[in-house]
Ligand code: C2E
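Before any questions on binding or motion, here is one chain by itself as structure tokens, the form predicted on its own.
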């Protein structure tokens, strides 16, 4: 008789199986084990006539944790997040990690819609509380306090999907909607979401090839001197000439490009095209280009601007880059470095949409822009609300006291022009002077057009509005 102790071998086999079915960092079920448990839950629900809820959960603002604090902090955060979520779930529920900050929850057994929503909201609330990340003494993550959040999309079996694949697709669609609407919330799948998502993905696909097909073009709108009416700058405004939808304006596709990371490529095309056009203009007007925060934060942005200027032979002083305070939100120190590099090139810098953000004044203290642009929403209300005049006057005085030029957008009436001239605004832009158009039309401005602009700024016109 021979006896062999197989206990160690059994332990090793169990350990290997556990590693094969669980996430190495959080020890949660991985995608393979999730598939097994979801399939079993659906089989039981079909036999017993019960329902299953499938929730897709993403952590909000997790990427900046890795970017700014390092992957060690990110990993520690994921471990804590997993523990918090498990504390809000029942032993019969399954919480799986399927990606970096992506989690899936299977809520098996009969639950009412209200109970599912309550569970999801508890998860969001738990992840919304601050995390304390402790590292080595004197280490880079010692005593780090981090605040994130979570977004949840939920699908129900059998109403939203009769198979595992259809249920996962529905939950993912619901999560996509939450992200699109601003994150930090819970949404249940609705049939209309799928149709909208398919339409959106169709537009994404079409936009990805718009440059190659020659469908993108630039219109230009003049920015005139606030006292004489002489044209000083042209702002480049992108248009998408879709073969079926016609002319698509930036507000309808730029946000989509930012969410799908196409904005870098599109922004680079706009900058290159605008600079190439400006070199050929009959007069050395400046060209103004809008820069997306996501484009601005791309590595090597300042070097890319320098390369474009050199390639086309455009003087840096003729290029104006319009940015919003969104470039400062994630990493103000890096943003200031990029702005300083651009200033060293000789590029002019404008802070766009001034007055609509939450901390513009602090940015004006930290960096000397060349000018600020007053948002059109204030100009639109001139003559209708007394506070609009007060705000525009205050912004103008602030800008001048800081040595900045002040440009106002959205000027549409002679009355608005008269008020803004009286306030001493340096530049103006709006339909009163010209609508955006291809440069071939604007650069051919004749004597009658120049006379019309001068007439708008004449003393007679001002007296007529008094």
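Remember, predicted model here, so these are calculated numbers, not experimental data. Numbering follows the first chain given and starts at 1.
There is another form of the same protein, the form predicted in complex with the ligand; it is not shown, and what comes next is about it.
Participant: Would you mind picking the one in 221, 273, 334, 262 that has a heavy atom within 4.5 Å of the ligand in the predicted complex?
Facilitator: Only one option qualifies, and that one is 221.
Participant: Could you check which residue among 239, 381, 109, 297 gets a heavy atom within 4.5 Å of the ligand in the predicted complex?
Facilitator: It is 239.
Participant: In the predicted complex, does residue 430 have a heavy atom within 4.5 Å of the ligand?
Facilitator: Flag for residue 430 set to yes.
Participant: Does residue 164 reach the ligand in the predicted complex if we count a contact as any heavy atom within 4.5 Å?
Facilitator: The answer is no: residue 164 has no heavy atom within 4.5 Å of the ligand.
Participant: Can any non-hydrogen atom of residue 436 be found within 4.5 angstroms of the ligand in the predicted complex?
Facilitator: Output for residue 436 is yes: heavy atoms within 4.5 Å of the ligand.
Participant: Residue 376 near the ligand in the predicted complex, any heavy atom under 4.5 Å?
Facilitator: Flag for residue 376 set to yes.
Participant: Hey, with the ligand in the predicted complex, do 254, 291 and 353 all fall inside the 4.5 Å heavy atom range?
Facilitator: Heavy-atom distance to the ligand in the predicted complex: all three under 4.5 Å.
Participant: Can you check 42 to 50, 57 to 65, 28 to 36, 405 to 413 and let me know which stretch has heavy atoms within 4.5 Å of the ligand in the predicted complex?
Facilitator: Selected stretch: 405 to 413.
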